[in-house]
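Next up: a single chain in structure tokens, the form predicted on its own.
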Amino acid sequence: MSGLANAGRPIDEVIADLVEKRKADVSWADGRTFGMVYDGGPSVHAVAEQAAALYLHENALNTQAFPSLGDIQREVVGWTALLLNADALTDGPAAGFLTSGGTESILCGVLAARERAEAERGITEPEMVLPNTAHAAFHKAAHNFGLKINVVPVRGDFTADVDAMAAHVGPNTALVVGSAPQYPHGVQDDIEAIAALAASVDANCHVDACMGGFVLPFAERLGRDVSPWDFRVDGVTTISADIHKLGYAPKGVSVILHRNKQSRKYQTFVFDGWLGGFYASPNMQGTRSGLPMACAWAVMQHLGIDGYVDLTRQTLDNADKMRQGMAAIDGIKVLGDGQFHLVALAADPDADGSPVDMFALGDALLDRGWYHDRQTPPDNLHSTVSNTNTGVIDAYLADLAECVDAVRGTSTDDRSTTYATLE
């Protein structure tokens, strides 16, 4: 690798090189990518791009210098809190911060649980209890913050086994986790039971709604059956919700919400023991770009409730059509009884004929331009369906049927996976 040149280069050459580098990236705009980027349409692009240009250089490290970013954060957090029914709280008001993504939101929730457990309950060896479908970010948080994890296998329908979780809840439990919905299979955990379990030992309950926070509220408005999961549930302490997923804002912006300000204070780091003056950081970052915060504000204002309901209707229709079409193809099946926008496709062990190697199937689909994340166990192809995929589902199902026939009886030794992340 050569070093940075002494002489700078003309702008057009630099941009041309970046355009060239992008040629191998997934082409998300054509709807053939199931995840990673979520496309709210031309007007959403336009408002986000204009907001980005206004806030390209602004820094939310100090909102006294940039009070507009303080306003933006308060307003976006407030709008999200009301979407998640924070007005139902009797011990509120809800409070929170913007973060860079779901991983950071989860880290903040775990940190707050640890700090509260020590301050209010004297716990010095904190533990958390979670199903094995909970996102890897909880394991990252446990590693970083020194919590012991008790992981419990899920039930046959891939929902959290709350009875099994109860066996691991005790006096050192700082946090109990549920998902709405969980990422691997798109099913929703029994949040009411999980929150009650946490409350039984005065532990925090975190609901990971990074995938569902900007889907479930609008699915409910569309008449979908959505089990209680948000601040209407007693015992829910914190919720993570990603605006840069189905909130259709550019990367990377998420919300960490706390039931009240008392809970929120436990994630904030305050320090005045150095010569640089008073330092306070509300989350994992110090310097925070104002660009994604402003984009989130602009996109939410542009869409409004009605815009989100319409995008969610299209998203759920796309996912329903995918599941229905997949069910008609011999040799494969959808894992779990998902009803929202996440679809995990695996081989059907009860099908007649040769088995389908799912990663070979993924390769065949990728050759036709369809991109999926890959998961295991069992080997499966994961789709996060969104408005981006509107208009291409019929073509996808036709290619899927042909690729299943083509790969039956073949296998691949390539066990490589595309890591599922919250960013």
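Note that residue numbering begins at 1 and tracks the sequence as displayed. This is a predicted model, so every value here is computed, not measured.
If you look for the form predicted in complex with a small molecule, you will not find it shown, but the lines that follow are about it.
Shown without its partner, this chain lists A249, L257, A160, C210 as candidates; in the predicted bound form, only C210 has a non-hydrogen atom within 4.5 angstroms of the small molecule. Scanning G101, P282, G336, G290 against the small molecule in the predicted bound form with a 4.5 Å heavy atom cut-off leaves one residue, G101. Taken together, the three residues I106, Y183 and K245 all lie with some non-hydrogen atom within 4.5 angstroms of the small molecule in the predicted bound form.
Contact with the small molecule in the predicted bound form, judged as any non-hydrogen atom within 4.5 angstroms, is confined among 76 to 84, 149 to 157, 202 to 210, 294 to 302 to 202 to 210. At the 4.5 Å threshold, heavy atoms of R116 stay clear of the small molecule in the predicted bound form, well away from it. Though the partner is left out of this view, H135 does reach within 4.5 Å of the small molecule in the predicted bound form, counting heavy atoms only.
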